[in-house]
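Listed next as structure tokens is one chain, alone, in the form predicted on its own.
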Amino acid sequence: MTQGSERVAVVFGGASGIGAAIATRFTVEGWRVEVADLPTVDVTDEATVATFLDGVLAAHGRLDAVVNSAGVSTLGNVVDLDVAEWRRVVDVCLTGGFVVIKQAGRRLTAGGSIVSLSSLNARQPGAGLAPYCAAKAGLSMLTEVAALELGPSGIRVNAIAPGLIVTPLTQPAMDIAGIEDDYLENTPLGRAGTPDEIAEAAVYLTNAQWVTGEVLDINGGAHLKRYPDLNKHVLAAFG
């Protein structure tokens, strides 16, 4: 790889789903894009994140945008959930977000941008989703704090909070009878979003020079209604 004047973006969690759509959209927009994902890069491992970003800087001579799309989830009530499972989700969705923001904030070219993937669950609770909801709510607030701290350096920090997007992360839930219908009944626009629609928002936030500390809800209006009762559908499907 050679150094050049093209803007350079790194997408963590960019191998599939929303992250892959963002990486593709940035490429179409003329960016040089580097994808960081398992098994090579684990966002919970600070040393590998730092090493990857240093490699991008060495190869391209600049770093203009970093997107963190890495995420995992689980399903289990608070009183039943194993602590190790709680930590697994929080480590990826919140601690991983912290690691990416920390290391990106140290390396971004002046005027650079960080975009994280939060969730509708940052503001709307879902039974059985305690670690995911808590982690995404934390990530949204972390976005605001980091925007305050990095603003004087000219670095903008924003997040996107999608509603239902069918991806490898959400597909197992969609395969359970009744869940997708429940989501759509509680989405005023009546449909799921697409990874490309989230990618469009990521490009906007990266280019928007006077936007920082924003958590952009893209959920078809789902935040105006209620979250589906996942436990009810799981019980009906599996007893």
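Keep in mind the model is a prediction, meaning the values are calculated, not measured. Numbering starts at 1 and follows the sequence shown.
There is another form of this protein, the form predicted together with a small molecule, and it is not shown here; the text below is about that form.
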V145 within 4.5 Å of the small molecule in the predicted bound form, heavy atoms: no
Contact between G138 and the small molecule in the predicted bound form at 4.5 Å, heavy atoms? no
Contact flag, A23 vs the small molecule in the predicted bound form, heavy atom cut 4.5 Å: no
Going by a heavy atom distance of 4.5 Å, is S113 a contact of the small molecule in the predicted bound form? no
Is it true that A70, G163 and L169, all three, sit within 4.5 Å of the small molecule in the predicted bound form, judged by heavy atoms? yes
Checking L129, I101, L117, L108 against the small molecule in the predicted bound form, the residue with a non-hydrogen atom inside 4.5 angstroms turns out to be L117
Stretch in contact in the predicted bound form with the small molecule, which is absent here, among 23 to 31, 36 to 44, 59 to 67, 202 to 210 (heavy atoms within 4.5 Å): 36 to 44
